[in-house]
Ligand SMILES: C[S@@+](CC[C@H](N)C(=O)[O-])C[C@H]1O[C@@H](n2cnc3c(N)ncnc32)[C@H](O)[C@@H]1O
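Have a look below at one chain only, the form predicted alone, in structure tokens format.
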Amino acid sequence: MPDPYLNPDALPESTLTAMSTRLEERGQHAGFLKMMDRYLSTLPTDRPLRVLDLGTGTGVVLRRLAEKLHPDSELHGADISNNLLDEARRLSPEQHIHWDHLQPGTLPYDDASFDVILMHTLLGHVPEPAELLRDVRRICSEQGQLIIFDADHAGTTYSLPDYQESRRIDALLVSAIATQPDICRQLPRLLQASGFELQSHDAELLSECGKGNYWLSSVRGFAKLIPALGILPPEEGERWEQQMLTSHEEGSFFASGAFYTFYARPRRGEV
């Protein structure tokens, strides 16, 4: 079943609305903000920067970043979805951000044109991540920085009473929302192969036990995507959702997932 983020504008309006709502809810969660602010805080604020947020979605990252950077910075948010970009524009009427609609193929930017390139939960949805990273290396300035933040979807889990059932449904959910569920595990190799030098990384485990918050919001998001995408048969999808909500109400909820941030710079002399 195809990753819905590959072509969001082809989705029914109700599914696209659910996607936008989830992106915004996720972006306002305290744990998620903590991880986002950690990598945004590494960027210099004493001089203007030219920044590209690839896969910007509804613009969560750039809205946050616009409040922190030098006021003369040039910010670009790029996405394949016109609908998500329209929502990004609506949510940032006072901020000077360029919202760029992307077409498949080579990125529409000049060589060495950005000081900072951000990929916030993008690469897990890209069919050919190595190809994209090579193009990103082309548009990154020689002294520039690439920051990639993503989830280790392959390790995300929602607990059910039966372990085998938990693993089966976890795998179905992951396969439905991530083209590259193990992208974080591939990134050290992919960065090296595309002309970047990995400098450091951060890791954060976001887990909830007893009661759900971030992951309960994810459950509610999945509840809207499951029937639209055919992830599970309707009755099974409804049963899974109800089990998650009941475990939250009873205080037996458990869900967990890891997130990684990779900091890389271009290797000199390689384009």
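Numbers follow the displayed sequence, beginning with 1. Keep in mind that this is a model prediction, so the values were computed, not measured.
Omitted here: the form predicted in complex with the named molecule. The next part is about that form.
- Figure note: of the listed segments 218 to 226, 234 to 242, 48 to 56, 205 to 213, the one touching the named molecule in the predicted complex, with heavy atoms no more than 4.5 Å away, is 48 to 56.
- This chain lacks the partner; the member of V174, L190, V126, I139 within 4.5 angstroms of the named molecule in the predicted complex by a non-hydrogen atom is V126.
- Of the candidates T179, T156, Q145, T121, T121 is the one whose heavy atoms come within 4.5 Å of the named molecule in the predicted complex; the others do not.
- Contact check for L75: no non-hydrogen atom falls within 4.5 Å of the named molecule in the predicted complex.
- Put simply, P266 is far from the named molecule in the predicted complex: not one heavy atom of it is within 4.5 Å.
- Using a 4.5 angstroms threshold between heavy atoms, L91 stays clear of the named molecule in the predicted complex.
- Although the partner is absent here, L102 sits close enough that one of its heavy atoms falls within 4.5 Å of the named molecule in the predicted complex.
- Contacts with the named molecule in the predicted complex, taken as any heavy atom within 4.5 Å, map to no residue of 168 to 182.
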